[in-house]
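Let's start with one chain on its own, the form predicted alone, as structure tokens.
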Amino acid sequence: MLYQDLVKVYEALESTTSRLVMTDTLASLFRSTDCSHIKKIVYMTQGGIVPDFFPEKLGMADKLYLRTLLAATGANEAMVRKLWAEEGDPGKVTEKVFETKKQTTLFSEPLTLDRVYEALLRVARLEGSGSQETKMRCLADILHDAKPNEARYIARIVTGRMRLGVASQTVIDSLAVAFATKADKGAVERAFNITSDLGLVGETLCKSGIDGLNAMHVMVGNPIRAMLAERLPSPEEILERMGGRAMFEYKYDGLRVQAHITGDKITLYSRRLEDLTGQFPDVVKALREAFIGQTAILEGECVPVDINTGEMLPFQEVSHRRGRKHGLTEAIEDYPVRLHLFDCLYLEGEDLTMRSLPDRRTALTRCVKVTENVRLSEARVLDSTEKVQEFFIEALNAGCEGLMAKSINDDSVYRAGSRGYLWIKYKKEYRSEMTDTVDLVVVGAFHGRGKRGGVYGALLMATYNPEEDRFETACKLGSGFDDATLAILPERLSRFRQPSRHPLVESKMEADVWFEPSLVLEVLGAELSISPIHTCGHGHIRNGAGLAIRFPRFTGTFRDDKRPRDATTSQELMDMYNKQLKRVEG
């Protein structure tokens, strides 16, 4: 197949905004194409050369592509840079350069689809010392033989700016029209959702028809497109939608991952199908120790944690681990994560995506040994709004975003790549942003772990309640301390140490070390939230719960000018919560 034939289709696609026209145009192309070319056409039409989850990526930097263009055409650099500034589209720039400065074609030959594809694949795979020059030569070789309109699309593909507006759904529709019927669109879509390889789906449909497509199945190594949730505002509506009973699960504020396990080989994929394995070797190691079996596809959340407070941290913390090629050992130590698994999609050769959630959950518990770094998601089957609300507050206090409600009916299958009411998010706010510092009293401490071994890892901090003359816990404080401060804290607190909890301290938590309320620290938090385990303002805002400061950080200021009874009062913290609450309760 000549590359020019594909380019003519691209020009037709670019000239219309009608999805129906795009669908028919692509369907005609697929029908007239040899099955061996379908994969390449599908990938290239969407601006790539392989499925999204493959490691090979295009996206050549503008500077490198500009050097390649100049080398391939011998064009005037000042003229090309002026065009670049005016157009902002490497495809149009390249086409205009070729129209005005095309080299002799005495020794050129028509480009074929296979030649262009193989050249682009080589460009994507080249890396290491000297790879830039080799990429330039490889790309210049096909540009030398390209016509102006062919060069336009080569430039766009290699720089990652295809701009045809052809989404996966359009390709799915086109394949169904070309090789089956519109009624078979669902089968095409499911095949894509469980393999994440639209090129493979197209090739299978072309060669084997709808029967071949229906025979496609979940494969370890091909990430399954994530099932998504709808949103409802209240437990009442959620339970009504779920038939009065559902499994409610912590909604973790982490990085969703899908683990593909074959023997000792474990590959981690993100929700966007990125291979995260190299960025999370600690998760791979932990999962290898926790998994009992040979092959599986498991899904969960990588959640950043403070190993000294036990608190789950915001998603932004785990983002520090993304994209790192250097300093990975330090990043693992500085930003530890814990894996909370919530689904099992494949186990020992069996595709579980069409099984109910209770069956999948049973499979998950059977193949995973709970460890410190790999746990199952916290989940409960509930049937009343009161129980849901209690569990919701518990989830917030644990550092989660809210709850996920999941159907446990017979039809509670894993709908890959789909959003629906089998899963429902519940994220109603019971938090308020903190805009000012508070002064809290040290009433306890917890022994340090990891880098903080031998010193205190976190302090138990309290507000003062003058009406009851007692100190009420509001947070565990583990952030904001430099090494020097951590080193002096044990000595500074030693004279206040108590053999047990001080009688003026009201705490549901059990500290490793207790202190007489004496030392006051200045603290800044991200927000205030309802907490069933802290005692500040207990029962005043919500029955059975107090207030907690989430993500507290020591500002570096010891309030030596304040006595413990001069600290921020519990009422002050309640007033801050009520004034700053972003959404009204209830």
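Computed from a prediction, not measured in an experiment: that's the story for all the values here. The numbering used is simple: start at 1 and walk along the sequence shown.
Not pictured, yet referred to below: the form predicted together with a small molecule.
Contact with the small molecule in the predicted complex, judged by any heavy atom within 4.5 Å, is made by just one of 280, 250, 464, 346: 250.
Comment: the small molecule is not present in this chain, but in the predicted complex one of 152, 406, 260, 476 has a heavy atom within 4.5 Å of it, namely 406.
A residue is said to contact a partner when one of its heavy atoms sits within 4.5 Å of a partner heavy atom; residue 132 fails this definition for the small molecule in the predicted complex, lying far away. At the 4.5 Å threshold, heavy atoms of residue 481 stay clear of the small molecule in the predicted complex, well away from it. In the predicted complex, the small molecule lies within 4.5 Å of some heavy atom of residue 256.
Of the heavy atoms in residue 425, some are within 4.5 Å of the small molecule in the predicted complex. Heavy atoms within 4.5 Å of the small molecule in the predicted complex are found in exactly one of 117 to 125, 196 to 204, 398 to 406, 86 to 94, that being 398 to 406.
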